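Shown here is one chain on its own, the form predicted alone, set out as structure tokens.
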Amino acid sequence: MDNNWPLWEVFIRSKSGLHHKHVGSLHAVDAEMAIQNARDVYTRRSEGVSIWVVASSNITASNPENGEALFDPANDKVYRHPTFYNLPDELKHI
């Protein structure tokens, strides 16, 4: 395998209506090959209904060391936390 092939992140949706989840990474020449390889590697037992591949170089992530500064500002905005709303009993997952 050529070590110059780009790295791709693979996301699989296991069933319709569910979210795609990151399942791993692989090297491929292009997106088409990445999808084919992802199908062969990550869906051997019909686990998926949809595959996304994203070139790792196109992903930008926050630095965990800056997490407090990045996420802390939301704590002083109580209206973003629905703790003081009365919700109906039918809403169990909110």
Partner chain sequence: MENNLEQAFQAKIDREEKIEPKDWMPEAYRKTLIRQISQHAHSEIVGMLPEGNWITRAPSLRRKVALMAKVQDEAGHGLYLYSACETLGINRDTLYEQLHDGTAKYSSIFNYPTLTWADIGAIGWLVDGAAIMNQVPLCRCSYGPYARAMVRVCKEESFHQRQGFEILLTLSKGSDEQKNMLQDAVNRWWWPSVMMFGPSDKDSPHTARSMNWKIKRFTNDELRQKFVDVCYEQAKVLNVKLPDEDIKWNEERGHYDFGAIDWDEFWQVVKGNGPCNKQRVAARKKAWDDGAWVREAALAHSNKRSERLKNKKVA
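This is a predicted model, so every value here is computed, not measured. Numbering follows the first chain given and starts at 1.
Same protein, other form: the form predicted in complex with its partner chain, not shown, and the subject of what follows.
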(Q) Please identify the residue among Val29, Val54, Val49, Ile35 with any heavy atom within 4.5 Å of its partner chain in the model of the complex. (A) Val29
Q | Residue contact check: Ser62 to its partner chain in the model of the complex, 4.5 Å heavy atom | A | yes
Q. Does Ser25 reach its partner chain in the model of the complex, with heavy atoms at most 4.5 Å apart?
A. yes
